Each structure stands twice: as structure tokens, then as C-alpha cells.
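Just one chain is shown here, as C-alpha cells, and it is the form predicted on its own.
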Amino acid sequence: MSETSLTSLGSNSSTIDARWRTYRVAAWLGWKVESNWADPLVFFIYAVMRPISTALVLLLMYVVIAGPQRGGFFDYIYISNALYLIAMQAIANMSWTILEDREHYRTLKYIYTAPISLYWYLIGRATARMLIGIMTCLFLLVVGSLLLGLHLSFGSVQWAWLAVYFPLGMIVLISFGIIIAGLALLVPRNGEFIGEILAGMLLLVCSVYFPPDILPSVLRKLSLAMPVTYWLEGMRRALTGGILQMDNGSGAISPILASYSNATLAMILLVSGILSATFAYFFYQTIERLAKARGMIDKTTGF
């Protein structure tokens, strides 16, 4: 092997090591920032209180409307609500990372001058937020199964499909978060609302509470264009062991989504993950150059 090839190989290995170190430290820092350096148990209790309250409100609304029985539709909305906590952490909170580092802690300019990749730093911070969402989601599913009538058992989980759907969904969600973080770089104030508005819109159209079948035509097309719709459907199937059915036995809750096989859902998520990750990378690089040109990296406007 020539000297040039050895040098190139060593450089690539060094780059991978640097990116992994940036990702690992950023994930640790993200966990500390999100937990405010609190005891993990205390922070866990704090983190699950709000989702538990939301789940109880959801249960109350369901009982008032549908009665005390817990059928397939309750499983549908409860599992979707728990899973969407992960999406909320990735989509709604990524813009906060930029705003906190730039305007509250005022460390973003120092991060830029450090010999690290901000792109991998953001992915590390996103990982910390999503871990919080995953822990909360698991807690809600366990509580729902043990206390609230959710039909979920360890033996019915389709682990193989769960292992396929979950990481593909994470790629899509982190890519969305990176795009939102890029937009937050250019927004002078109130940038935190970008993620919250987008997460609220996705809550309506991504089959969290409303299957695409009952949405108006325009929103149904938008729902079926969103990768999160297929991720939620795949995760619901993997967790419950099949397609959720209506309480009265009239068929699938969402006949449109039921027409997709597991393999088709996985293929849609795979293609969506590749496209969204590629777009997010180049989009962020472009936005970052614009932010530098406009002097937005160290600009404080909101605090």
C-alpha cells in the first residue's frame, strides 16, 4: 500500500474517531443539560409526570365518549400517544438546542471554534433527548398495560419487525430534528416555536389520534406523504402483534394503512430514512453557511 493510501486511511480513521467522540460527549452533555444535573431517579419521576397526566386525560376522554370498555381503538390512540413522545423530543426540541446554546448559555460560538463537527454534536444532543422520550414511552406502555386496560403483552410483541421499524423511524425523526435545528439557526427570535408548530401539525396528520381514513382529502394525502405515519403504523403492529381492529369487529381501524404489508412499510421507511437523512445533511450544511454569512452564530435575540 502506498504512503498516500496509508495517510488517507489514517485520516479517515481519525475523522471517524473524532465524530464518534463528539457524538458520545454531546449525548452525555445533552443528558446532563436536560436533567439539569439532577439525580437520575428524581429526573425520571419529573420526566414521566406530564406524560402520565396526558395519558390519564386521554383515558378519561375515551371513557366519556366510548364507555368503560377498552377495545382496539383505545390501544391505537394510547400506543400512538406514547410513541409520539419520542417524535416530540426529536422534532419539537431540537430547535431548543440551538437557541439554548446560542442565546441562553451562549456557548454556540465556542462550539463552532472547537475542532469538532457541529452536525455530529447536534445528533448527540438529539440522541439524549430521544432517550428521555424512549424511557417515558416505555413507562407509559407498562403503566397502560398493568393499570389502564391496554392490551399489550410481552409474548405478543413481534420483535423482529420492532427491530426493523424502530431504528428506521429514529433516522427519520433525527433527520427532521436536524432540519428544524438548521432553521432555528436563521431565525432571530421565537425559533423554539418552529419545532412545536411542526410537531403539532404532525400530531394531527400522522395518524396519532386520527387514522388517515377519516381525514379530509387534502389532509389524508398529506398524512400518507409523512414517513411518521408509516412508522407509527409499523410500531403499533409490532407491539400488539398485528393490525388493530375496530371495537365492533367491522374491520381494521385504518383500512388504508392495513392494505400495506409489513415489508412494504419497512421499504417505505427505508427509502424515507435515506432520503430524509441525505436531505437533512445537505440542508443543514447550506443553512450553516448562510448563518455564518449573516452573523447568526453568536447573535442573541431571545433572552
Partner chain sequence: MTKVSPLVLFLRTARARAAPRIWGMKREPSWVFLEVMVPIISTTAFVYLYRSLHAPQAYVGFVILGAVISAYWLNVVWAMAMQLHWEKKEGMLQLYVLSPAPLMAVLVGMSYGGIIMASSRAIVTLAAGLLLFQVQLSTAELPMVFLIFAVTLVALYGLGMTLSSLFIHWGREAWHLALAFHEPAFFLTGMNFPLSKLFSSVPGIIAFVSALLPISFGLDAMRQLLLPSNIPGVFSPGTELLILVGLGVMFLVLAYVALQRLEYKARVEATLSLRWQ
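These numbers come from a predicted model, not from an experiment. Numbering follows the first chain given and starts at 1.
Form predicted in complex with the partner chain: not shown, discussed below.
My question is simply whether residue 216 lines the interface with the partner chain in the model of the complex - judged by any non-hydrogen atom within 4.5 Å.
Output for residue 216 is yes: heavy atoms within 4.5 Å of the partner chain.
Taking heavy atoms and a 4.5 Å cut-off, does residue 101 contact the partner chain in the model of the complex?
No.
Is residue 200 close to the partner chain in the model of the complex, meaning a heavy atom pair under 4.5 Å apart or at it?
Taking the distances in the model of the complex, the answer for residue 200 is yes, it comes within 4.5 Å of the partner chain.
4.5 angstroms heavy atom contact with the partner chain in the model of the complex for residue 211:
Taking the distances in the model of the complex, the answer for residue 211 is yes, it comes within 4.5 Å of the partner chain.
Counting only non-hydrogen atoms and a 4.5 Å threshold, tell me whether 36, 49 and 204 all contact the partner chain in the model of the complex.
Heavy-atom distance to the partner chain in the model of the complex: all three under 4.5 Å.
Report the residue, out of 259, 69, 278, 54, that has at least one non-hydrogen atom within 4.5 angstroms of the partner chain in the model of the complex.
Filtering the options by heavy-atom distance leaves 54.
Taking the partner chain in the model of the complex as the reference, which of 112, 96, 139, 119 has a non-hydrogen atom within 4.5 Å?
Contact residue from the list: 96.
Taking the partner as it appears in the model of the complex, which of 103 to 111, 145 to 153, 120 to 128, 176 to 184 has residues with heavy atoms within 4.5 Å of the partner chain?
Single hit among the candidates: 103 to 111.
If you look in the model of the complex, which residues in 69 to 96 sit within 4.5 Å of the partner chain (heavy atoms)?
If the 4.5 Å heavy-atom criterion is applied to the partner chain in the model of the complex, 69 to 96 yields 73, 77, 96.
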